[in-house]
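Next comes just one chain, in structure tokens: the form predicted on its own.
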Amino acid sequence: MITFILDTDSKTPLYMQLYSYMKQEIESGSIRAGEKLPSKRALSAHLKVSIVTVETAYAQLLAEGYITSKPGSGFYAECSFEETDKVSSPSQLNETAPEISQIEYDFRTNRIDTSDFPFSTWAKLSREVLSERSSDLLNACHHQGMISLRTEIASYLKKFRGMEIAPEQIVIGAGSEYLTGLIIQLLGRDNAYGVENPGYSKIYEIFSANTSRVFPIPMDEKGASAEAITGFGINVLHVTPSHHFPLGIVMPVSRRQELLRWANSRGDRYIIEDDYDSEFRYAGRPIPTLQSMDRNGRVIYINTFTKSLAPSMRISYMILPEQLCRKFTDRLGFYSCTVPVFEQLTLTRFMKNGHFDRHINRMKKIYRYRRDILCQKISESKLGSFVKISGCDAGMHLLLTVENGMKQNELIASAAKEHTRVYGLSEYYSFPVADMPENTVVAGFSGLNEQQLVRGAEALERAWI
């Protein structure tokens, strides 16, 4: 049995301590190639840690090739350090890599069709702001953002999301990434933060850049696993309950209540609710936000205009529980608002005059139509017999699970030969797991028009048949 004492007082996560130790033992030859390793349950009992800790350490070793898994038998050391020292040089890898020509159909998830943006309306409102509010444009605004914009946001959330918010609770910033960094500073870098795995890769990078205590929260069919949250001992959780990226899961009310009970059980626990594309739900009524269900001030809500207007529109906002508002001003009130006054005033008029509501309704119809086109084209082609489509109820991307014998890299490479780009699901795992899907790709449809979606689907059919 492995003899290793984990340091529970260290800021290094327990799974990383175990992973590093076993990696060193394999590289040094102390654990020999082919040697059978303890089962996850046996090792967790021996080290007195959760099975999730051992499972995560094993998954990392498995992903890096230090161990191998044999179904029904267990885990084995794969090779010694000397054996793993022989890696292909960049030139060798490039010789075998397929030559990728110009991409014509890019199924990216962060694109929009610029022809759908209401440029004329935005330009008209911009001219009005320049003409009528020119003096305001040269002055600094409140550190939380213009009160007029915060008031419009509060009104919009009450009307469409059923959220009772005071403008004083809203903080405007240039992008969700910036606001997430502020939240970490507000709550403290010494907290244990949990992030969804898989998830939006930038979120993990932001937390890792600000704190060493970041833990992967595995997903099940309802969203972030409540059992894993408790097992890791975290006290701040980042989730995307309205539409998980990239799995497309819409967290049911039962799981939301479960997470709120977890947050309410201790005074230092918070949930960061990222509602990044909640406007684009195509089936049924929108599920209430965690923030609107929160009665004890445990949820910090984040949303952005990046998805609803344009990726270049770096205007986002967060809603702080009342008890954190004063703390934010005292600790971080020296920060200036990072969104220009000109853009804030233009967006204020865009929302106040009803243009934002109309734009959302229009884009919702367009994206639903594009989703239907892509799904129909795949289902009616030869792909329909071996491609499973999921994540259709909301958002601007689909998951395609391809049962044709190809692995993820083969699916991507063969699509590239047909001038088409899709993205592997494994790219969104910040922490590798043992059961990571090997034949699933992510395909965004918001940036392609009808003709491009049809031809892109035909290209995938040629690539994967």
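For clarity, a rigid core is taken as the largest C-alpha set superposing within 1.5 Å between two forms. Position 1 is the first residue in the sequence shown; the rest follow in order. Since we're looking at a predicted model, the values are computed, not measured.
There is another form of the same protein, the form predicted in complex with a further copy of the same chain; it is not shown, and what comes next is about it.
### Query
Since the chain is shown here on its own, which stretch among 291-299, 338-346, 382-390, 368-376 would lie within 4.5 Å of a further copy of the same chain in the model of the complex, judged by heavy atoms?
Looking at the partner contacts, the answer comes out as 338-346.
### Query
Is residue 76 a contact residue for a further copy of the same chain in the model of the complex, using a 4.5 Å heavy atom cut-off?
Contact check for residue 76: no, nothing within 4.5 Å of a further copy of the same chain in the model of the complex.
### Query
Though only this chain appears here, would residue 210 touch a further copy of the same chain in the model of the complex if you measure heavy atom gaps against 4.5 Å?
Flag for residue 210 set to yes.
### Residue contact check: residue 32 to a further copy of the same chain in the model of the complex, 4.5 Å heavy atom
Result no; residue 32 lies far from a further copy of the same chain in the model of the complex.
### Query
Even though a further copy of the same chain is not shown here, does residue 137 get within 4.5 Å of it in the model of the complex, heavy atoms only?
Judged by the heavy-atom cut-off of 4.5 Å, residue 137 is in contact with a further copy of the same chain in the model of the complex.
### Task
Identify, from the list 251, 154, 146, 192, the residue with a heavy atom within 4.5 Å of a further copy of the same chain in the model of the complex.
Selected option: 146.
### Option touching a further copy of the same chain, based on a heavy atom within 4.5 Å in the model of the complex, out of 168, 227, 357, 268
Contact check passes for 168.
### Message
With the partner left out here, which residues of 173-189 have a non-hydrogen atom within 4.5 Å of a further copy of the same chain in the model of the complex?
### Response
Those in contact are 174, 177, 178, 185, 189.
### Query
Rigid core fitted, is the C-alpha displacement of residue 17 between this form and the one not shown 2 Å or more?
Residue 17: C-alpha displaced by 2 Å or more between this form and the one not shown.
### Query
residue 204 and residue 43: do their C-alpha atoms lie closer or farther in the model of the complex than in the form you see, with a change of 3 Å or more?
The answer is closer, because the C-alphas of residue 204 and residue 43 approach each other in the model of the complex by 3 Å or more.
### Task
Given a change of 3 Å or more, say if the Cα atoms of residue 435 and residue 17 sit closer or farther in the model of the complex than in this form.
Residues separate in the model of the complex, at least 3 Å farther apart.
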